[in-house]
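Only one chain is given next, in structure tokens, and it is the form predicted on its own.
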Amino acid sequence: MAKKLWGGRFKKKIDKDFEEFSKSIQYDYKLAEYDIYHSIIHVNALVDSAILTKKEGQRLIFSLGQILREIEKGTFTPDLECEDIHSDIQSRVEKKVGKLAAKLHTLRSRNDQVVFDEKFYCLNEVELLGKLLGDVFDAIVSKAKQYEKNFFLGYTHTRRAQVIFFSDYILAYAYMFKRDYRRFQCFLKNLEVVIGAGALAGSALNSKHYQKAIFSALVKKNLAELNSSVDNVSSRDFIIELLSMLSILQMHLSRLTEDMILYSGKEFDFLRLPEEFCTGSSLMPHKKNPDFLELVRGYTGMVYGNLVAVLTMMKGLPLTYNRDMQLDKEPLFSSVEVLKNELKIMAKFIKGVTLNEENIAKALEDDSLYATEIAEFLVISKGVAFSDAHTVVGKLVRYSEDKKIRVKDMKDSLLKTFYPGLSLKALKSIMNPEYATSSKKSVVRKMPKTIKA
């Protein structure tokens, strides 16, 4: 049985079933790197305060460095007999330096360690997520440039609405992702890292000792004064904030995937998906299934659930630390890993998407797509009140549908029964993608620049 960091006041051994139930090593090993950073900082602070000798500090830091190199090489395997990653690292140090390891935990608590570890993890992962999101953004902008002058169909209520440029359509997602990126930047800027909270009341170590010991540029940039040790060990709002941001990003990804699933199906057939991200059917030879897109859409429930899980777990906890908070890690790690994997693939996926220009051109022949332009023509050129123009065009479209005759095929005499100022010549100049897009003056169309720093 692995040695624990507590137990002196207990007479009975811990129940084996409860011991297994209470362990977190099977998932909090992901914090190993950050826990070692905390230990190195703590050892330096102990040396600076003369609690440890310089030689003792060097021995401890050397042993911690050996473990860190295992993590960096990918050869670190957590000891599942340990209670958590803090105990695991303590045990490994003891194997290297013997009794000196007992001094490693001097004047600190796992309550303080875990918050530091989690904040450092969040900072590191959000930086990486930002870079991956930047790749997706760049892929979308590149696709918009590739089809900058191609027309596309805009929908409302999943019904054909108006003609737009394909770049207008796809860049809408670029701007969604740009806001997601800005949320990441705000998170990186605002997350405060503190150290020395102890279990809840603070530490006998002066904060200056810790500040001198900080060696990470990422932590230094976000290092703050420890104004409330009680708040530090008892709050997980930074995790909830990150899970919230990831949920919004996941929602944007899910909307994008839903669009691509619809638009690539035979019922629309506007997009062609890259085969290397699709699968076939074990029974139906003709199938080309958009499995990557469906999985992204499916993972949305998990990402949302992770946010709700932590919100619910925290909602009634009294101050300060409670063991419930151990359950914040799996939702955090889960959402971060899902988003990293999705973004990595999505950037490559978007590059392979192509337009079925022939099918889009056929769809753009739909007269109803230009109904708004006809109404605006009557308002601007004929001085008709918009409500009246709306009624005129509505009746014209309804007649076209009922009689199965295209508006462009109607004679002037018929058109004038709807409004005297209508003529086939005027309508033909209006009812085309070029006019429909050029008549919109409010949109300032320009390609956005990369969001990557």
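One-based numbering along the sequence shown. These numbers were taken from a predicted model, which means no experiment stands behind them.
There is another form of the same protein, the form predicted together with arginine (ARG); it is not shown, and what comes next is about it.
Heavy atoms within 4.5 Å of arginine (ARG) in the predicted complex belong, among the stretches 152-160, 170-178, 106-114, 248-256, to residues of 106-114. Contact annotation: of the candidates 326, 211, 289, 124, the single residue with a non-hydrogen atom within 4.5 angstroms of arginine (ARG) in the predicted complex is 326.
Using a 4.5 angstroms limit between non-hydrogen atoms, residue 432 is distant from arginine (ARG) in the predicted complex.
Taking the partner from elsewhere, residue 28 is found to have a heavy atom lying within 4.5 Å of arginine (ARG) in the predicted complex.
Interface residue remark: residue 238 is not counted as part of the site for arginine (ARG) in the predicted complex, having no heavy atom within 4.5 Å. Remark: residue 437 does not count among the residues lining arginine (ARG) in the predicted complex, judged by a heavy atom distance of 4.5 Å or less. Residues are counted as partner-facing when one of their heavy atoms sits within 4.5 Å of arginine (ARG) in the predicted complex; in 295-321 only 321 qualifies.
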